[in-house]
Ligand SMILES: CC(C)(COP(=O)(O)OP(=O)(O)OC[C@H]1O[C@@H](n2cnc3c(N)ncnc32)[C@H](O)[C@@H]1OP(=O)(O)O)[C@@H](O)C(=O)NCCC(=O)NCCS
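In structure tokens, one chain follows: the form predicted on its own.
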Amino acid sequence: MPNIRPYAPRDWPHFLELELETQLEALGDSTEEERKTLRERLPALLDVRKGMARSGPRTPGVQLWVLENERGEFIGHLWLSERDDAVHGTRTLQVTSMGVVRAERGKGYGRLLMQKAEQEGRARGIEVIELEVAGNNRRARDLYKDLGYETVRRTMLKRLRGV
């Protein structure tokens, strides 16, 4: 039976590796230079922009949960951020990031992590959970739709390389 527990600094290498893999997949059609830049800058971006360091979250209302298998091995993470949302006029729980290592995908672990997010939202008295998902991540989009999440906006992008 998998276990969900709070993040500990020993999880940093696994968290960083999975976060990098997840973000690289979300880049979709990108150059090797763009991918190299992300690899080099991700730890600093996480630290400066998101308040996530090896020691864990530094921002109030932020939690990082780790999913581990029966042997205690890291197989996924769930990063939650609480914020005020002017659009909804209420506190919102943001799924900042959620990931499952490639070898463990398709086993229901993403669903388990999202159930944890909903449990945390209810425990905090939050009525809205929000997340972003890459347009090329069909598996995740299907999971969220199956769990009752609705698409409320789309972001489109055009790369202007060499223009």
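All values derive from a computational prediction rather than experimental measurement. One-based numbering along the sequence shown.
A second form of this protein, the form predicted together with the named molecule, is not displayed here; the remarks below concern that form.
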In the model of the complex, the residue from G61, G106, G28, G51 that sits within 4.5 Å of the named molecule by heavy atoms: G106
Proximity of F15 to the named molecule in the model of the complex, heavy atoms at 4.5 Å: no
The named molecule contact in the model of the complex: A117, any heavy atom under 4.5 Å: no
4.5 Å heavy atom contact, R111 to the named molecule in the model of the complex: yes
4.5 Å heavy atom contact, E132 and the named molecule in the model of the complex: yes
Answer range among 53-61, 119-127, 40-48, 93-101 for contact with the named molecule, defined in the model of the complex as heavy atoms within 4.5 Å: 93-101
Residues within stretch 128-145 having a non-hydrogen atom within 4.5 Å of the named molecule in the model of the complex: E132, V133, N137, R139, A140, D142, L143, Y144
